[in-house]
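Take a look at this one chain, the form predicted on its own, written out in structure tokens.
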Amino acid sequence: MQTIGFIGLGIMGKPMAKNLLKAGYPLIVYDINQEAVEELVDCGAMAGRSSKDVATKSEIVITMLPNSPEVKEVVLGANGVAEGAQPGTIVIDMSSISPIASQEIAKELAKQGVVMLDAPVSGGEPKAIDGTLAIMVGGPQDVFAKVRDILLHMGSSAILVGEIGSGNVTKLANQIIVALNIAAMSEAMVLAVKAGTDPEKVFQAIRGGLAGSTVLDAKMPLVMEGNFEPGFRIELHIKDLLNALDTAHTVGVPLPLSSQVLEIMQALKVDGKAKEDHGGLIQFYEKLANVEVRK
């Protein structure tokens, strides 16, 4: 089996890396959080000394990092992946970053014969843990074909949607839909409770109809428990919506609803809730209406 390097062992990266180990792949890992590295080593991974070291010892390098600047630094910066990668190395960036940044990084890597795919994911921590993420991929068809089976050990689907950058365009579209779904759910359920209706019964009544959604099924039970432990943090969704607006403005597309939800998330960030789950967006509406949606 090919040796895989994995850089970035956060909420998403750690379980994704563990699933590759379970599938039997030799894995070398690196993260600035040494505890996360040690946890993976205990599971059978090797520890890399730096991003460069990981790339030197791997045929495929996967990165799972917070945003564009971190990916650029890890891949192209001092002691980065580019310094250790050999011609023919495949870099798969599974972070959610700007499509333009993906294209810029890929262009630099190509100068030394290294090819890159952008392959962001959707599903949050629960699906990262059980290996059922939706993976959206941009890059060359032949390269995707070589790594598709690897991706499917981390996700239940891996779809090539176009050239480099297309994966992140698709992820931005995904994040717009998720954000607007959570906002719609929040408005509706706050209305229901303020009007004196049992939220559990409203949830059960509407989830099988046209208003039902994966977002509703995933977030509503947690909301009713008052559980806003992060599966996907508000601050990360803010980052994604900022990238969506930046990309949209670059190509000439207005995003009025996304802008409104972004401002709601910014208000929650100011209120100290940036690290809570994005399902906690409902707290903005609860505060306005002076009601809580709980069982």
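A residue's number is simply how far along the shown sequence it sits, counting from 1. In this text, all values refer to a predicted model and were calculated from it rather than measured experimentally.
This next part talks about the form predicted in complex with a further copy of the same chain, which is not shown.
Although the partner is absent here, residue 73 is not a contact residue: none of its heavy atoms lies within 4.5 angstroms of a further copy of the same chain in the predicted complex. Although the partner is absent from this view, residue 153 stays clear of a further copy of the same chain in the predicted complex, with no non-hydrogen atom inside 4.5 angstroms. At the 4.5 Å threshold, heavy atoms of residue 190 reach a further copy of the same chain in the predicted complex. Within this chain, residue 110 is remote from the site of a further copy of the same chain in the predicted complex, having no heavy atom within 4.5 Å. Contact with a further copy of the same chain in the predicted complex, defined as any heavy atom within 4.5 Å, is confined among 90-98, 169-177, 145-153, 75-83 to 169-177. In the predicted complex, the residues of 266-288 lying within 4.5 Å of a further copy of the same chain by at least one heavy atom are, in order, 278, 285, 288.
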